[in-house]
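One chain comes next, on its own, written out as C-alpha cells in the form predicted on its own.
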Amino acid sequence: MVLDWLPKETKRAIESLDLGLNVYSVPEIDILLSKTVLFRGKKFRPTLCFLMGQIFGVELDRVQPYARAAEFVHAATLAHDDVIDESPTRRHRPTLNARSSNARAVLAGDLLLARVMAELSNLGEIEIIADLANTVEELVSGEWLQLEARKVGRVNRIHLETVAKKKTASLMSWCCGTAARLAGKDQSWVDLARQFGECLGIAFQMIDDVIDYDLKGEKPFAQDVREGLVNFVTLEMLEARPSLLEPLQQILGAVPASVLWPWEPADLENAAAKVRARADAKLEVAGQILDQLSQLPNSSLESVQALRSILVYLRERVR
C-alpha cells in the first residue's frame, strides 16, 4: 500500500517483519492464519509503528515487536469480524471461518491476542501493554456498537464516528502513541501522536465507506448495506433525502442479488463527495499534527515525508 514511499531501512524492516507463530501443539492454526488474515497483508499498522518510531528517534529493532503485535491484533479482529459478519470471502479469498469453522476462527483470533500479551509482557513496558489492553477493549466495544445498529436505518453521525474511532482508529492511535512511549516522552507527546493516528484512522474508515460504493471495488457493491449497516455515505444520502429511509430499511441486511437500489446516481455521487470532504478535514488535522511532530530533535525527515505521502494517498484513494 505505501511501501514505495518508505525510507529504505523502514521498507526492509516491514518486509522482514516476522509474522510466524510456531504453534507446535496445533500446527493447523499456523497454516490457517498464514493463508487468511496474515496472508500478504498491507502491514499498514506496522508501517505506522516504524515511521512514527523514526520520528521519535527510536531504533527500528526496538519498534519491531510492537509492529508485530499491531499486525497480530489487527489480524485477530479480522478473524473475529468475519465470524460476526458471516463473511465467506475477504479480498476475493476464503476467510478463516470459511476454510475451517466459526469456532476455529474465534480460537485462532484468541490465540493471536494471547501471543501478543505474552510477547509484550516479556519486554516490560507496562504502560504500552496497558494502552494495548485499553485498545482491545475499544475494538470490542466498537464492534458491539456496530452490531447493535445492524439492520437499523435510523443512525446518527455521532454513532458512526464513535464506531470508526473505536473499530478503525484505536489501533492506529496505539501504533503512533507507542513510539512516543518508547522514546520516553511525556504524556502530552503521547497524546499528540495518538491524535494523529486517530485522525488518520477515522479518515481511513470514511474513505473505505466511499469505496464500499465503488462498482469496480474489491468488495460487492454496497457491501455494508448488504450486511445491514448504514455507513458514512449512506448517512449522507439519508440526511439529504429523508424519504430514502423507508425503502432503505426494507433492504438492510436482506438484499437480493438483483436489488433495485432506492437512491439516484446523483444522490450517491453527492454523498460520496461530502464524505471525502469530511475525510479531507481529518487528514488536514493529521497534517497539522505532523508539522508539530516534525520539530522533534531526532525526527527523521524521510519518515515525516513518508507519512505525508500516506495522507496524500488516503486523500486520493479510489480502491
Ligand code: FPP
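Residue numbers here begin at 1 and follow the sequence given. Being a predicted model, the structure only gives us computed values, none of them experimental.
Missing here is the form predicted together with this ligand; even so, the following discussion is about that form.
- Contact with this ligand in the predicted bound form, defined as a heavy atom within 4.5 Å, holds for exactly one of 190, 113, 160, 237, namely 113.
- For the options 119, 131, 125, 143, the one in contact with this ligand in the predicted bound form, meaning a heavy atom within 4.5 Å, is 143.
- None of 85-93, 152-160, 195-203, 241-249 except one has non-hydrogen atoms within 4.5 angstroms of this ligand in the predicted bound form; the exception is 85-93.
- By the criterion of a heavy atom within 4.5 Å, residue 136 is counted among the residues contacting this ligand in the predicted bound form.
- At a distance threshold of 4.5 angstroms between non-hydrogen atoms, residue 80 is in contact with this ligand in the predicted bound form.
- Using a 4.5 Å cutoff between non-hydrogen atoms, residue 185 does not count as a contact of this ligand in the predicted bound form.
- With a 4.5 Å cutoff on heavy atoms, residue 222 does not count as touching this ligand in the predicted bound form; it lies far away.
- Interface residues of 6-20, taken as those with a heavy atom within 4.5 Å of this ligand in the predicted bound form (partner not displayed), are absent.
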